[in-house]
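Quick setup: one chain, the form predicted alone, written in structure tokens, and binding and motion questions come after.
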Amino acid sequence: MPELLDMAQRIAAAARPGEQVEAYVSWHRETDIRAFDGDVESLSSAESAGVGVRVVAGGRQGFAYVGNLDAHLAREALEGARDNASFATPDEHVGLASPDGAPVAPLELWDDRLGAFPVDAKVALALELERRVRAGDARIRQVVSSDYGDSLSESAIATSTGIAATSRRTTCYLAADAVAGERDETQTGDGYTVGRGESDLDLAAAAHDVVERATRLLGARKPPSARLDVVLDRRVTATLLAILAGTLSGEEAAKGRSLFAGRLGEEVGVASLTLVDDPTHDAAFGAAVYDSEGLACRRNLLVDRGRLAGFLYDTYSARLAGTTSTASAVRGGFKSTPGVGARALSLLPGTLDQQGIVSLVGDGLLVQGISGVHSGVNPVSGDFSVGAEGLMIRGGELAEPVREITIASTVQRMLQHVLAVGTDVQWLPSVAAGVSLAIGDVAMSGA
């Protein structure tokens, strides 16, 4: 870690008069294992490192990167970024972040034990998950895949404007897909468990999730079309919040490409709806000490009891909107420049678990999964129409499974028709946490 920061600071210190320089230096190691039919189908381990350099001069920004930590090549990346800046279109809003004095959250996102966790033990976990899924129900016909994966990442950012930040994190997961069948019918289901280290993984919960999702839709049929109340499963809610993340980008709002553009302070949802992006929550999969420009991450309130309270900004989008950064810069690694994005969206939990929400709804639909999100949701108009599958709710209990349906509304209408938010918050491998969510008056297209 110290050597990454040293390299970043040496590059940033080479800034010329009238020039801003940012160096992002990172190292990453990952392992992926797939088990199939009681044996190891594939095993790979990869390591990567590199330096990304941004140069801003005269309102022009240039970027270049190199895929290793060679000091000579890093200097070449700096010269490449300078050269690229000379060809860029001038933009008065480009510029690097400067320290803003925000407190640094005391997060520990690194598990030392993961780096020393032996490969044979990782293989054993993938094989054991496959075994448990296969044994979980007689209707499981095949475990399509059973995977173990982990990653260790370290990075450093330094700028000529005074930024000097380091971060590191470990993650690991177990995931499986299975096919269940009865007679001529088959259904698929998946499940997973994630953590910072191996001790965080819950084999039993992941196996149960796979089996339940694969078997409980057996016998599903297309129901008659109707307007009804729906209960979104935690994973589905996380997908909905990830959609909202894009609409709450300060850059998209400033450019009029968000359904919330120009609506700051307005009522956009029911009074029970509070939405935050909080990367300082250590349980969040996207938790981080610093954003991708080196500013200390912080809790950002986006919807406060139904009213639009704010947007997410990185340095560029904040200047575009005439405000300050919310430390919401994200990037895909040393090969890309930062942009604005959410890391850890979550709804303030309510007072009922999923069964309590199902009982409250009485008659409706539990949505277990959705498809076609990228083509079926418009972030500007808010139109929402996606494929879905799940179980009908009758008399406050889960009933027959259904599939080949479409649920449709608008994002604006859905937020205004939230009936209940669950207590069952679950941090998923996503920019958002899952939670059971009941929404009223949704159109279901079926037979």
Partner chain sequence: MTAAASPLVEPGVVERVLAHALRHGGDFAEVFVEDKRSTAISLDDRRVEELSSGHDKGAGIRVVSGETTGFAHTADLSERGLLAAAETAAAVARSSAPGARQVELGDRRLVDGTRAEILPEGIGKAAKVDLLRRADDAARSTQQAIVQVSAGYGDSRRRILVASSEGLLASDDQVRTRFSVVCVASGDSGMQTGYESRAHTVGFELFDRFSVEDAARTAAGRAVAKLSARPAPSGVVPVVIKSGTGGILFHEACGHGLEADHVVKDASAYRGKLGELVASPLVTLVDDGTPVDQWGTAVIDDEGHPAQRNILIENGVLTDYMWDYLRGRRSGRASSGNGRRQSYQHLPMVRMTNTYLLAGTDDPDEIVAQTPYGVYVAKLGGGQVNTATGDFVFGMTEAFLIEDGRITEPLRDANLIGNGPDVLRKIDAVGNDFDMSPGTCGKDGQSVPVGCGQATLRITGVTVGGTAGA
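For clarity, a rigid core is taken as the largest C-alpha set superposing within 1.5 Å between two forms. Because the structure is a prediction, the values reported are computed rather than measured. Residue numbers count along the first chain shown, from 1.
One more form of this protein exists, namely the form predicted together with its partner chain; it is left out here, but the text below deals with it.
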Residue contact check: residue 388 to its partner chain in the predicted complex, 4.5 Å heavy atom: yes
Its partner chain contact in the predicted complex: residue 89, any heavy atom under 4.5 Å: yes
Contact label in the predicted complex: residue 226 to its partner chain, heavy atom within 4.5 Å: yes
In the predicted complex, residue 195 touching its partner chain (heavy atom, 4.5 Å): no
Partner-facing stretch of 148-156, 301-309, 349-357, 257-265, counted where any non-hydrogen atom is within 4.5 angstroms of its partner chain in the predicted complex: 257-265
Partner-contacting position among 233, 111, 251, 278 - heavy atom within 4.5 Å of its partner chain in the predicted complex: 251
Position in contact with its partner chain when the complex is considered in the predicted complex, options 420, 64, 392, 415, heavy atoms within 4.5 Å: 64
Those residues of 103-131 which, in the predicted complex, come within 4.5 Å of its partner chain by heavy atom: 120
Cα displacement of residue 88 between this form and the one not shown reaching 2 Å, rigid core superposed: yes
